[in-house]
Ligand SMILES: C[S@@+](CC[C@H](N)C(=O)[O-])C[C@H]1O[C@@H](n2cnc3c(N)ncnc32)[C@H](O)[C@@H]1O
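Presented as structure tokens, the chain that follows is alone, the form predicted alone.
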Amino acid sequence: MASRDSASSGDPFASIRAGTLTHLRKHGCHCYPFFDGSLLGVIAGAARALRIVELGTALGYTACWFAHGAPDARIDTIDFDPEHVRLARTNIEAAGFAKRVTLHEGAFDDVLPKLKPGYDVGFFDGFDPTLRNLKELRTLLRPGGVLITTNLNFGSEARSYRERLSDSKQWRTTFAAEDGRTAISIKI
């Protein structure tokens, strides 16, 4: 939930971000909030996104930014941790986005094949980007859709994932944020 102090700081969801960091320390999980939620909101707004898919809900910080930045969008967000889903649901409801954000509890590989293609924006913020996730996200995104991928320095497939995003026949990509750990790509 956003507080008056967090709204004055320029981040209306700063309390969710702070709560996520507190949860991370107590829970010992990998639910780091994205470094700049406003960037995601701006990208979603610029894309005039109507449908957004997010892999890695954590406590709902980025889902709120997507909903804020693209006020006509519906967001599907996925997390395997039942505690994260519970806390995210509370945060998303408190922010007023419950009608536009659908939380899916489960593994990415189980949930993604059940979603219908045609997303305008995809966001990977799970711990370990896999080639299977990239293939599924590519299938779900419309041509010209935007894919934002974080954590490109984690996991055994991160290098191959980066190489696939660099394939100019499939993607137009910039490794733009967090010293190259985050890519912003357009599906060709």
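Counting begins at 1, following the sequence as shown. Everything numeric in this text was worked out from a predicted model, so none of it was measured.
Omitted from view is the form predicted together with the named molecule, to which the following refers.
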The named molecule contact at residue 97 in the predicted bound form, heavy atom, 4.5 Å: no
Partner contact for residue 126 in the predicted bound form: the named molecule, 4.5 angstroms, heavy atom: yes
Residue 141 within 4.5 Å of the named molecule in the predicted bound form, heavy atoms: no
is_contact(residue 134, the named molecule) in the predicted bound form, heavy atom dist at most 4.5 Å: no
Stretch from 28-36, 141-149, 43-51, 158-166 whose residues place a heavy atom within 4.5 Å of the named molecule in the predicted bound form: 28-36
Residues within 4.5 Å of the named molecule in the predicted bound form, restricted to 53-71 and counted by heavy atom: 54, 56, 57, 58, 61, 62
